[in-house]
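So this first bit is one chain, no partners, the form predicted on its own, shown in structure tokens.
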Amino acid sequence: MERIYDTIIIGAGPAGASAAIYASRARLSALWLDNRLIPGGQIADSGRVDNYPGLPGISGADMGEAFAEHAKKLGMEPVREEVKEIRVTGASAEGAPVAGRGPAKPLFLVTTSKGQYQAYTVIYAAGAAHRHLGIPGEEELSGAGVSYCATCDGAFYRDLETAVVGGGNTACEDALFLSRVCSKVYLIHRRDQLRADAVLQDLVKKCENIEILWNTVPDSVEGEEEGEVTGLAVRNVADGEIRTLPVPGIFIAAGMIPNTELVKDLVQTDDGGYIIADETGRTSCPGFFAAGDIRTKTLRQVVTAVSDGANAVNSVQTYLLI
């Protein structure tokens, strides 16, 4: 544990890969940690990505591999270790990491499943996970009709019928987005009132091709295993009636779970558990930067995550100089 890195990057999704690429180009000494065997983070689970500039129709797995290969060509590869703890220790007696930089900085001690590492900064890009429903067919048909991102995959269902599961802001926003490209959108909500902001509720209720199914829960996703979705069986919680919606696309908007449990006592988070940080990635903890889906932001997409990774490295460079 003698070596002290300029930065430790945690997470190998788009934000982490971008940070690794930019850190390498900036000649920072960096350690890249991730516990997944497949690169790309969440995007690796997507069957097709059609909104990243220059790579229309690429699979999520291929995109993750392309990001990893790019970093590898610059000498950066993720070390496959699970991060167990991150804490701040005292300032290094050695001063700044490289001669000519700013004064001594506090050190971060990162403990993994295999060892301990020290760095002057941390770029935390651990991402967030979509909350799943846990119904039959959901996992088997994920990426083949089951999606967790309407803005990512909605265009694949142009002029077709789709279903959105949820009743909050994201679900209503997804339904409105889909209503502009789909012939009809079913909005499935387990209660008799939506939880979304009033203005979104009004827009949804006024939209002619959105049908709200009140007091209804998804029962199972229908389709052939490793094939495509053919429908969604739903159940009315009041009378128990089950019906099948003949939709090829199902969008689940049941919320996100940010992977911030590890750092909740280190940095400030919002009510949803996301790390409070702007586009610079700066957090309430000096030297700790957040990038990607983990931070507070309006739009969580591959393109914004990649931008976050670059911004975080720029912020690290600035921090090391002052």
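Residues carry their position along the shown sequence, with the first being 1. Only a predicted model underlies this, so the values are computations on that prediction, with no experimental measurement involved.
Omitted from view is the form predicted in complex with a small molecule, to which the following refers.
Novice: Where, among 204 to 212, 153 to 161, 78 to 86, 169 to 177, do residues come within 4.5 Å of the small molecule in the model of the complex by heavy atom distance?
Specialist: The contacting stretch is 169 to 177.
Novice: Report whether the minimum heavy atom distance between V165 and the small molecule in the model of the complex is within 4.5 Å.
Specialist: V165 belongs to the contact set for the small molecule.
Novice: Does the small molecule come within 4.5 Å of any heavy atom of G255 in the model of the complex?
Specialist: Although the small molecule is absent here, G255 would touch it in the model of the complex, with heavy atoms inside 4.5 Å.
Novice: Taking the small molecule as it sits in the model of the complex, is Q301 near enough to touch it, meaning that at least one heavy atom pair lies within 4.5 angstroms?
Specialist: Looking in the model of the complex, residue contacts with the small molecule include Q301, since a heavy atom lies within 4.5 Å.
Novice: Can you check whether K73 is within 4.5 Å of the small molecule in the model of the complex, heavy atom basis?
Specialist: Outside the cut-off, so no.
Novice: Among N51, T280, S29, Q268, which has at least one heavy atom within 4.5 Å of the small molecule in the model of the complex?
Specialist: Of the candidates N51, T280, S29, Q268, N51 is the one lying within 4.5 Å of the small molecule in the model of the complex.
Novice: Looking at C149, L245, A144, L133, which has any heavy atom no more than 4.5 Å from the small molecule in the model of the complex?
Specialist: Checked against the cut-off, the match is L133.
Novice: Since the C-alpha distance between E138 and D62 changes by 3 Å or more in the model of the complex, give its direction relative to the shown form: closer or farther.
Specialist: So the answer is farther.
Novice: Given a CA distance change of at least 3 Å, are R195 and L299 closer or farther in the model of the complex?
Specialist: Closer: R195 and L299 approach by 3 Å or more in the model of the complex.
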